[in-house]
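Quick heads-up: it's one chain on its own, the form predicted on its own, in structure tokens.
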């Protein structure tokens, strides 16, 4: 998912500031280690304001997942990878774009909902489900281009557009985990390079075709 745009506490409503704070702090510290005090301090709001907008920390987690989905949907809709006329070129441009936005500190480019889902999938099912809707909702935006590329190239196989779209997210999220484990963003970029090669292989793109 995209790099965050950090906002000063003076910008936006108290609710939006809390959601922005959750986006940044949870990616840096994890959900369990993020306290209501941390969020209020970063957003420059009182605890009373926090509980006015969110009945609990878990409610904040659910809202943060939906907020992430809303803001990242707009980000990806405006991204340049939609420009190529050929659907396979759009898929490969998407992979290249995901690699290009792996910049800065690890907490700045990793995925909020991926981070949350890994941590709370068993302990907070409402947050997990909200994260799933975000991840699978984004995955679905790739399916039309994948299916069009299959038709254009006469690809007949036992894999589907939906399964390949999900696989792209598995690679991206896995790359984020590797970057965290190795404290090295290059590990995430490497994963995207392999995803590019894999997609070209599925669509029988030769080195000559790629030139």
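What you see is a predicted model; the values in this text were computed from it and never measured. Residue numbers count along the first chain shown, from 1.
The same protein also has a form predicted together with a further copy of the same chain, omitted here; what follows describes it.
Heavy atoms within 4.5 Å of a further copy of the same chain in the predicted complex belong, among the stretches 158-166, 41-49, 144-152, 63-71, to residues of 158-166. Looking at residue 28, you'd find a heavy atom of it within 4.5 angstroms of a further copy of the same chain in the predicted complex. Contact check for residue 55: no non-hydrogen atom falls within 4.5 Å of a further copy of the same chain in the predicted complex. a further copy of the same chain in the predicted complex is not approached by residue 59, whose heavy atoms all lie more than 4.5 angstroms from it. Using a 4.5 Å cutoff between non-hydrogen atoms, residue 106 counts as a contact of a further copy of the same chain in the predicted complex. Contacts of stretch 131-148 with a further copy of the same chain in the predicted complex, defined by any heavy atom lying within 4.5 Å, are made by 132, 135, 136, listed in sequence order.
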